[in-house]
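As a starting point, one isolated chain is supplied in structure tokens, in the form predicted on its own.
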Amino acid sequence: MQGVNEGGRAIYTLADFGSFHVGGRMVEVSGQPRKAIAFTPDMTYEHDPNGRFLVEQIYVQYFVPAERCFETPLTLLHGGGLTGVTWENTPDGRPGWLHEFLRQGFAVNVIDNVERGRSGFCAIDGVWEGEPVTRTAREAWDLFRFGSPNNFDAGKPHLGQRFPVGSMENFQRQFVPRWTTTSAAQFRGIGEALRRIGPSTLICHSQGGFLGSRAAVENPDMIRGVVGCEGAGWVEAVTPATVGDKPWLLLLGDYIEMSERWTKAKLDTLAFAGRVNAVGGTASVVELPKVGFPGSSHMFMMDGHSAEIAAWVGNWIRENC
């Protein structure tokens, strides 16, 4: 089974692929009136909203290349307001990190976190607090460091910036609603996924850095290494037992000093690396511009040099994990 083609050439061959849902909890609903629902103009159905519902499950899709270079698989965890699509293809149509890592010979697992994508979200009142939040393109432009807020309408990015801003609308098609009150369910879900997958190297992005780092220290036997791609927050408590001698690679992009938010996030990342190293772990903070990748946005797995960054990350994993 051949993978993505480049100019008619297969870049990898799959031995296996598939998916599964895991985790979740049961919620009991009672006392609600039946409702008449019209599925189509010609078909109605009396729906009973009472009963037991499973919520907070998590979705994982796995891919196994025919020629594996590395026994330990990778697990990819997306950021806030996004799904596993983050890793599949870039907004301008190039193969994403999923395909780049498969081409390198890694087996890859891609997570849709709780209440995102194919994990689905819960529409039962009272199960999750708060309202869902949806990101605008303007917010993404600023938050992901594509350009200054004043230059959004003109579509003028930061000088030398490598994100394909001409495909901004296509990128926005990937945005999904998110809740800000579901972290506990997401920790549990990621942990369930890691235990089902087995030992792997975790690659986590943005909000996934906060969620993934906690899931990693709570499931240390399932972790062979962690690559944090601009984590927006990190787990506070680490111990020798939870980090051991596992390597942590914490990546930062460009233009960070132009953003107060990301300047603070950089300091938080440095502090987290210090906590890991202080208890005997091995954490390295690497700024991508300093290793040959200037112009990296927050979404550097989609930037113009994303394939080269994936190759660099793959080499680090083979050498350290």
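On a predicted model such as this, the values are computed, not experimentally measured, just so you know. Residue positions are given as counts along the sequence shown, with the first one as 1.
Not pictured, yet referred to below: the form predicted in complex with a further copy of the same chain.
At a distance of at most 4.5 angstroms from a further copy of the same chain in the predicted bound form, none of the three residues F187, L194 and H305 contributes a non-hydrogen atom. The stretch from 95-103, 243-251, 154-162, 216-224 that comes within 4.5 Å of a further copy of the same chain in the predicted bound form, counting heavy atoms only, is 95-103. When contacts are judged by a 4.5 Å heavy atom cut-off, N150 does not count as touching a further copy of the same chain in the predicted bound form.
Among heavy atoms of G117, some come within 4.5 Å of a further copy of the same chain in the predicted bound form. The closest non-hydrogen atom of A311 lies beyond 4.5 Å of a further copy of the same chain in the predicted bound form. Interface membership of F70, defined by any non-hydrogen atom within 4.5 Å of a further copy of the same chain in the predicted bound form, is ruled out. With contact defined as any non-hydrogen atom lying within 4.5 angstroms of a further copy of the same chain in the predicted bound form, the contacting residues in 44-74 are T44, Y45, H47, D48, N50, G51, R52, F53, L54, Q57, Y59, Q61, F63, given in sequence order.
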